[in-house]
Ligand code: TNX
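Here's a solo chain for you in C-alpha cells, the form predicted alone.
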C-alpha cells in the first residue's frame, strides 16, 4: 500500500456499520448500505422557504435529546448535513418521499410537504430510540445507517377516532396523541365530540350545549369541553403535523346531552336529565320540532367554519326509536346543510341505506351490507370493522380491561386484515380508522393501554400494500419499536404475541 494511503487508513476512522433499521410502518422499498451518518454540533438542516416548517419541526424534535443546535438554514442546495428537498415534479405518489443516507449527508425529497414530513419521521426512527426523549441524553452517538428508502402510502385516509364525549380529554392530552399519530404516519384524527353523556365543543349560538351538556361524563364527574379557541388550536396543531381533524356531531341518535341542554329540542318542551350511564338510550332529536332544523344548521355551520378539513361526520348510528323514513329524510337534510358549508358528509355505516348524493363517506363498523349499499349509491368507505378496529375491546385473555361484545382484538387481529371487503375495489375504500370508544376510558393510562400498540398495527395496514405485509416480520419490528414508545413514556399494552425490546 502506498505510504499516503496507509497513513490515511490509520488516521481516518471508518464509519460504523449499524444494524438494519426496523421501521414501523415498513417502507415500500429499502436498501441497506455500508457505514453510517452521525449528527453532531456542526450539523445543519438545509431547507427552502416551502419546507422550512417541516425542517423546524424536525429540529425542535431532535434538540431536547441530542443537545445539538441543529440550525435550520434556508439553502436547500447546500452540500452536507440534512437536506430537505421539496420538488412538485418528482415522480412520487402523494405523501411519498425518498430518503438517502450517505456517510457525509442525508437527503429527504418529496413532491409535497406531507411526504417530506413523513420522510423526517422515518429519519427519526433510524436514530437510536433515545432520540425520542424530551430531555437530554448523555453518552449516545446520534448515528443512522447508510440506507436508501422510497416510500408512499397505500391509502389516503389513515386515522384514529377518539371518543371525547363519554370521557373528556383536554387539549394537552390530545396534542400528545397527535404526536404519536404523526410518528406512525397516521393522518386523520376523528373526534367524537357529542354523545348521550357529553357535548364537548362550544357552540356560540347555543351556549348551553357545552355549559350544561358538557358538565358531566360517564360515571359522573366534571366533564369538560373545548372552547372554540381550544378546538382551533387543536386543529392547527394537528395540521402542522399533516393530520386533518374530522369532527363528529352525532345526530339524530346519541343526542341526549343536547336534549338535556335545551327543552325546545324535546317534544315535551323541557330538558331531560343529564345522563351519566354507559349504554345507548333512546332519546333522539325531536325531528319534527320547530327548532330542530335551525339548531342542526347552526351547530353544523359553526363546526364547519372552525374546521378547514373537507369532512364533517354526522354520526347517524344507533338512531333508536326513529322511523326509517324519518331517519332517511333527516340525513338527506343534513347532507344539504353540510354541502352548503362546502364540506363532505361522513357517517357510520347505517347511512348506507339512505339515498345520499355522492360524494359521501360511510364508516363501516358493524353491518357490511350497509357499507356495500353505500358504495352502490356512489359513496366510499372508511374501514373500522369492530372485530379488527374497535380499540375498546380487550386485547386478549391476559388483559384485565376492555369490552368483548365484538370479541377480543389482539395485535395480530389489528394487523391481519384488509380494509377492502371482498368483492369491492380498492377505489371504493379511502382508508381505515382505529376507533377508541371511551365509556370506560377515564385516564391517560387507560387511553394509552387501549390505543397502543394496536394503532401501530393499523398504521402499517393503512400505509403498506397488503401483499407486502407479513405478521412475523411486523411483530419483530414492533418489538423493537416498543423501545421508542418506552422513551416516550407511552403506557402501551405489552402483548405476549410480541417479543419486546426495551432500552
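For clarity, every value in this text was computed on a predicted model and none was experimentally measured. Numbering follows the first chain given and starts at 1.
Keep in mind the form predicted in complex with this ligand is missing from the figure; the text below concerns it.
Heavy atoms within 4.5 Å of this ligand in the predicted complex belong, among the stretches 399-407, 422-430, 114-122, 303-311, to residues of 399-407. Out of the listed residues 326, 264, 179, 318, 318 is the one that sits within 4.5 Å of this ligand in the predicted complex by at least one heavy atom. Proximity to this ligand in the predicted complex, defined as a heavy atom within 4.5 Å, holds among 141, 340, 280, 357 only for 280. Contact check for residue 166: a heavy atom falls within 4.5 Å of this ligand in the predicted complex.
Shown alone here, residue 437 lies within 4.5 Å of this ligand in the predicted complex, counting heavy atoms only. Although the partner is absent here, residue 348 is a contact residue: one of its heavy atoms lies within 4.5 angstroms of this ligand in the predicted complex.
The shortest heavy atom separation between residue 392 and this ligand in the predicted complex is within 4.5 Å.
Contacts to this ligand in the predicted complex (heavy atom within 4.5 Å) from stretch 353-370: 365 only.
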